[in-house]
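The chain below stands alone, shown as structure tokens; this is the form predicted on its own.
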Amino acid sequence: MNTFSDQPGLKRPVLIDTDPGVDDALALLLAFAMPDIDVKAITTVFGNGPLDMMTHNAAGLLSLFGRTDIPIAAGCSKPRDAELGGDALFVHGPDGIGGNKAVPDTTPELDPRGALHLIADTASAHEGALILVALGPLTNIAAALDHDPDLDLRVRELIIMGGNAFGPGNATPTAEANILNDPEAADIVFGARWTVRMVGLDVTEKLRMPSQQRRELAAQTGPVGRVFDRAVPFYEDFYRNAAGFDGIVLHDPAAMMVLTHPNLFDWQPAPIRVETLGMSRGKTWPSLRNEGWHPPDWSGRPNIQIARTSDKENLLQEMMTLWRQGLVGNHT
């Protein structure tokens, strides 16, 4: 399988599982501006904040973008095998999306099927063509596999923002936040039969937008300007205070760009196990030995395409082009 449609001229169907989240909002802006991408559904999961807040934010974003035609369903509110941990509202704002009324106060009209059935039904409706993009903890994706054990054979590709195969974590010294939120679910997802591309901290922490470019986009009219003007400053202040640079890190937007620009990433194939115990809980461990020689716990697991580096200058340039054009590509 590859990322691109085998039928030129047809838009590629995509389902986005998300926990919005400032950078989730920026990633959704990209998806709706991509001319050959057709977002079929949105599912929400706990993560950056509680599930109800994340679902409210997703509905507000769809209202802001003029895409209330897209079904939205709420998924899991806690990890599958552990207690709910902390949120990331200190990064994303008290409402999870900048704390400045970035999105309309919309009451979500949720798909009655719920997230797991919506994922399975959308995959069945687009057999072998649907691309899943997971921007939050992998709890919904693992639960959807429980519900439909052949889901991994129906989906064309799964793109994950999460993990840290070659470097330190951001939630702990060893773990990235999305994976730490539900390591058991992540280990299930990485062990399934689908084609997976993992875009983790190895790439995303190096992909940064300077504040000057954020201010340029904030001056635009319409949804793009509103998000960059109202949602992003809180996120920007976090990175200024915590990391000492004037700008933002583009975690989720990096993963979304795999839909159209996988060639701007360098990919390392390797099976992955996720640590579920002790101080290293949430760490994504690749086995980098030659094919055919892996320790027993990695043996027999599929290779994951791990983004090791990226052409960050061209990625940012492509993102800026999409954000500048707003929602032209996919807004009907």
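Start at 1 with the first residue shown and count on from there. Because the structure is a prediction, the values reported are computed rather than measured.
Although not depicted, the form predicted in complex with a small molecule is the subject of the following passage.
Checking 284, 57, 48, 44 against the small molecule in the predicted complex, a heavy atom within 4.5 Å turns up for just one residue: 48. Although the small molecule is omitted here, in the predicted complex none of 12, 122 and 157 has a heavy atom within 4.5 Å of it. Partner contacts here mean any heavy atom within 4.5 Å of the small molecule in the predicted complex, and among 170-178, 149-157, 124-132, 223-231 they occur only in 170-178.
The closest heavy atom approach of residue 102 to the small molecule in the predicted complex falls outside 4.5 Å. When contacts are judged by a 4.5 Å heavy atom cut-off, residue 161 counts as touching the small molecule in the predicted complex.
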